[in-house]
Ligand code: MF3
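Let's start with one chain on its own, the form predicted alone, as structure tokens.
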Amino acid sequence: MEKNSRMIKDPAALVAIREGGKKLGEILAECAAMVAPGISTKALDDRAEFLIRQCGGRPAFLGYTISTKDPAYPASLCVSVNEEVVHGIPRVDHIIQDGDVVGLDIGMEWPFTPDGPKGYYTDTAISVIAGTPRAEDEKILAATYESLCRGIKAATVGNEIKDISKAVEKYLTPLGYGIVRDLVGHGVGYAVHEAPQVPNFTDRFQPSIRLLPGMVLALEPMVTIGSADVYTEKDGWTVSTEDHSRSAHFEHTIIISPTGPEIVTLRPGEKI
């Protein structure tokens, strides 16, 4: 795990994270508004990449690798449909159908200059329904978003990471939804994925990490209608539910501040 000194961002980094996060929230909102029956997932990705580069950023996911043995992610936007929980790869031949649940996950390095200093990273996600919604899908989307809001509200100075985990878990468990355990939230800022991990569940092995001013976290509940068990598809990236139940995913990048959590990736008109 990285030292606390890296978890706490310097003032210049926080300024860029705020500005880049605002831009990324606007980009995600525009991509989400495009979701409709008949559009390809690749068209959504193309728009996302265009908007990121237009605002002076670099797609954080494009070319991202976990290890040298794994394939690089080939797109700028993760588009995950129905039983695909996260990391769905956009394709020209994957056409959104009426009633699909579509998860959009996007990350950006900003500002980006090819030969200049590295920029700073933010990460955000939303799930939307294309066309005619099913009642059960509306419910899981609302519940997942509410769990994110509760996690954010628990992200106050003096609390610990596990207080965020407890808030998410406490809300979702009575509703009977599956909370994905194979994937968690994370630190962000100097890289797209950093320490500490931010689970959406609690266990006795969870380390005690106190929340301090200047920490930057990406909180992201991933929730299923059925079993929480997931697997990775043959493409090496797409994570889907074992029982093929539908899922939802919401994410915001936040700064821990003395006055309370600061959400930097809010979409226009969004209030938490």
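Keep in mind that what you see is a predicted model, and the values were worked out from it rather than measured. In this text, residue numbers run from 1 along the sequence as written.
There is also a form predicted in complex with this ligand; it is not shown, and the following applies to it.
Student: Does F201 reach this ligand in the predicted complex if we count a contact as any heavy atom within 4.5 Å?
Tutor: Because no heavy atom of F201 falls inside 4.5 Å of this ligand in the predicted complex, the answer is no.
Student: Going by a heavy atom distance of 4.5 Å, is C78 a contact of this ligand in the predicted complex?
Tutor: Yes - in the predicted complex, heavy atoms of C78 and this ligand come within 4.5 Å of each other.
Student: Taking 4.5 angstroms as the cut-off for heavy atoms, does H193 touch this ligand in the predicted complex?
Tutor: Looking in the predicted complex, residue contacts with this ligand include H193, since a heavy atom lies within 4.5 Å.
Student: Test of understanding: in the predicted complex, would E220 fall inside 4.5 Å of this ligand by heavy atoms?
Tutor: Result yes; E220 sits at the interface with this ligand in the predicted complex.
Student: Could you check which residue among Y171, Y73, F112, Y145 gets a heavy atom within 4.5 Å of this ligand in the predicted complex?
Tutor: Only one listed residue qualifies here, and that residue is Y73.
Student: From the candidate stretches 207-215, 223-231, 56-64, 41-49, select the single one in contact with this ligand in the predicted complex, where contact means a heavy atom within 4.5 Å.
Tutor: One stretch meets the cut-off, namely 56-64.
Student: Using a 4.5 Å cut-off on heavy atoms, which residues of 223-245 contact this ligand in the predicted complex?
Tutor: Going through 223-245 in order - heavy atoms within 4.5 Å of this ligand in the predicted complex - there is one hit, W237.
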